[in-house]
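Here you get one chain, nothing else, as structure tokens; it is the form predicted alone.
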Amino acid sequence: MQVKQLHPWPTTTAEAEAVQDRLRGRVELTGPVDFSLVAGLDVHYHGDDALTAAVVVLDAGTMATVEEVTVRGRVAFPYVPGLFAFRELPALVEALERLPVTPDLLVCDGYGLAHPRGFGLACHLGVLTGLPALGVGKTPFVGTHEPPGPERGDWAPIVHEGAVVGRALRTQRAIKPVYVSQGHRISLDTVTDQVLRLAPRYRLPDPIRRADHLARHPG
């Protein structure tokens, strides 16, 4: 699939923040509600500067794996809170470009709007690809929220600087919630529906679980 080259990869904090500020205005917060092919994306680190990026494409109806790609690379940016995506983006973009199919939805291990600058990994990948994208975080990043109810499907809004930027979503009964947010071309209700549908048995959605396994064991 094709990915737009909207900017060179930054090398400084100021350059990275400028990219986020420039692209943030391109984020769209409405879009499709049904998806045929769903891609999970994740990165596994090896030591301090090596990584493996993985993309696994699933048939949304059967949850069968359609395609999978791994890319071994180097960490592309120093660790700076709020700029973590730049460490992983070059390898993830290369993995997406190697896909022989174009997914309808990107499910990212990370954040979208629930980000200090309102432009996390899911937003960035959505804008670069033009595809609907959502973020699923394992831990809270920004904002505050009340505890969601104990049942699967219960959620509470995440509020940051007076705006709702995501939801703490219970995907399994009495299990810790995940922290979901919009990336691009998708509503928050659709994000919630998709994460629940893609997480029938476990806390994390299956596309992310499979991408995590592939990144750890690329073969």
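From a predicted model like this one, the values you see are computed outputs, not experimental measurements. Residue numbers here begin at 1 and follow the sequence given.
If you look for the form predicted in complex with the DNA, you will not find it shown, but the lines that follow are about it.
- Exactly one of the stretches 160-168, 55-63, 40-48, 189-197 approaches the DNA in the predicted bound form with heavy atoms within 4.5 Å, and it is 40-48.
- Looking at residue 92, you'd find every heavy atom of it more than 4.5 angstroms from the DNA in the predicted bound form.
- Although the partner is absent here, residue 137 is a contact residue: one of its heavy atoms lies within 4.5 angstroms of the DNA in the predicted bound form.
- Under a 4.5 angstroms non-hydrogen atom cutoff, the DNA in the predicted bound form lacks residue 73 among its neighbouring residues.
- Interface residue remark: residue 131 is not counted as part of the site for the DNA in the predicted bound form, having no heavy atom within 4.5 Å.
- The candidate site formed by 152, 155 and 174 is entirely out of contact with the DNA in the predicted bound form, as no residue has a non-hydrogen atom within 4.5 angstroms of it.
- Of all the residues from 86-113, those having a non-hydrogen atom no more than 4.5 Å from the DNA in the predicted bound form are 87, 109, 110, 111.
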